[in-house]
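Okay, here we've got a single chain as structure tokens, the form predicted on its own, with questions on binding and movement later.
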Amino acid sequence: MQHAPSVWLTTANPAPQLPQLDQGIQTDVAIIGAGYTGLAAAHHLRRAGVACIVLEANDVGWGASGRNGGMAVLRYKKSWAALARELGRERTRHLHRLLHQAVDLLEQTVDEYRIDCAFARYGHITAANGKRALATLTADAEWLAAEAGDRAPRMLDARETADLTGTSCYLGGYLDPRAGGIHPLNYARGFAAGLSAAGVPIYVGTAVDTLREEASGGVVLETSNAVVRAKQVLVATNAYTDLREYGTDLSRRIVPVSTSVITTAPLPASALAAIVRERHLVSDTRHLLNYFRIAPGDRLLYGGRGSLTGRQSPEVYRGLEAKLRETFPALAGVEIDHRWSGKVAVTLDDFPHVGRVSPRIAYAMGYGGRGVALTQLLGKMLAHLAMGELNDPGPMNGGAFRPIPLHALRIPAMKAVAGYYRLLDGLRL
């Protein structure tokens, strides 16, 4: 399949030249999916001296790893204060440490493989759409300072938020200067090229059609051209897990949700000086959130919820363009030069999960839009799981990751929830 027509594709470095699998092969670990999770797992297996291969049905970074906003943020979907109330102080501190490890792993990977992906600690602003959201963000900053000794995030008032974002839409914001940004497709391509050069076989255009555990031990993976025999299989297909289920129930443990993104045509220097002038990454506190940043070529990238059915629709992009121009009235006449969509995998508890479906098949998925950082961490944990090592992912373990009740009714349920969220967002609570 072709890549989505994103700004990342048109500004990407050349794809690494990787083969299709055309003959049978044996390995210790077979990884399904050449996105960030699968590549991270392969990286840590290689460093431990474990033989592994990566099998990708399409191309490296074809899914969310090549289409996302490129934001490695230092927040989960739930607020820190809410997590502390739900999980307790110690488990929330552990989650805080894990998230920082995730962004550090991203930076270390960029350095180790010398990946040309414009990585930088740009900083991330969570912009408050209402008074309640602003109070939640303030409570987060206070909790981190008091309970985790983390005083790096700071609150912004409405004036400073407007100055840094270029819009007066928000009542204030929460700035964490340590959040990272990348060119997501260049990161995936550079990571794959580095692994390949280090001796990890990565096969593209190689869909795993069936997966079968053998009573004698090991797993057989059948592709269109060859058979793979492995001791362990790692499933790293995230929101695209439902394309091939391999006899597991993993696709019923997540809900794929579409997200859509647009970019403006290149902006003049005068406009750039007024919009995200310090190149921060920005997302808001809406239930149906929007996010924006400066993209290659001095464009403004603006993203938000896509079609609930997953089908491409001009109406989705018209709504996104209207929201962009509402946020930035000065851009009313600017042309849009890229429009694309993809999927994120949402879970019931808003956490990704890493675990096993059997003694020989493991998975990591469900990032819910937080995958740029967390894939690095869960990919590492997935590799450790394949090696029989214990992880402590806290609530991101597989224990509570079960099939979602009434999963077949997810689209009408999503429509109802989206309608309710639009109402709440309109109230600007």
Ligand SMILES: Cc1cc2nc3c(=O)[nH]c(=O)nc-3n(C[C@H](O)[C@H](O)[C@H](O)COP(=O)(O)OP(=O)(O)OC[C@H]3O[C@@H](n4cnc5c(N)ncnc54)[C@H](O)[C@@H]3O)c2cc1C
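From a predicted model like this one, the values you see are computed outputs, not experimental measurements. Numbering starts at 1 and runs along the sequence shown.
Heads up, the form predicted together with the ligand isn't pictured, but that's what we're talking about next.
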item	value
Proximity to the ligand in the model of the complex (heavy atom, within 4.5 Å), stretch among 341-349, 318-326, 82-90, 152-160	341-349
Residue contact check: Leu385 to the ligand in the model of the complex, 4.5 Å heavy atom	no
Partner proximity in the model of the complex: Lys78 to the ligand, non-hydrogen atom cutoff 4.5 Å	no
Contact label in the model of the complex: Ala192 to the ligand, heavy atom within 4.5 Å	no
Residue contact check: Phe401 to the ligand in the model of the complex, 4.5 Å heavy atom	no
Heavy atom within 4.5 Å of the ligand in the model of the complex - residue from Leu171, Ala207, Ala148, Ala274	Ala207
Single option in Ile32, Leu377, Cys52, Ala362 placed near the ligand in the model of the complex, where near means a heavy atom within 4.5 Å	Ile32
Contacts with the ligand in the model of the complex - residues in 56-84 whose heavy atoms fall within 4.5 Å	Glu56, Ala57, Asn58, Asp59, Trp62, Gly63, Ala64, Ser65, Arg67, Asn68, Gly69, Gly70, Met71
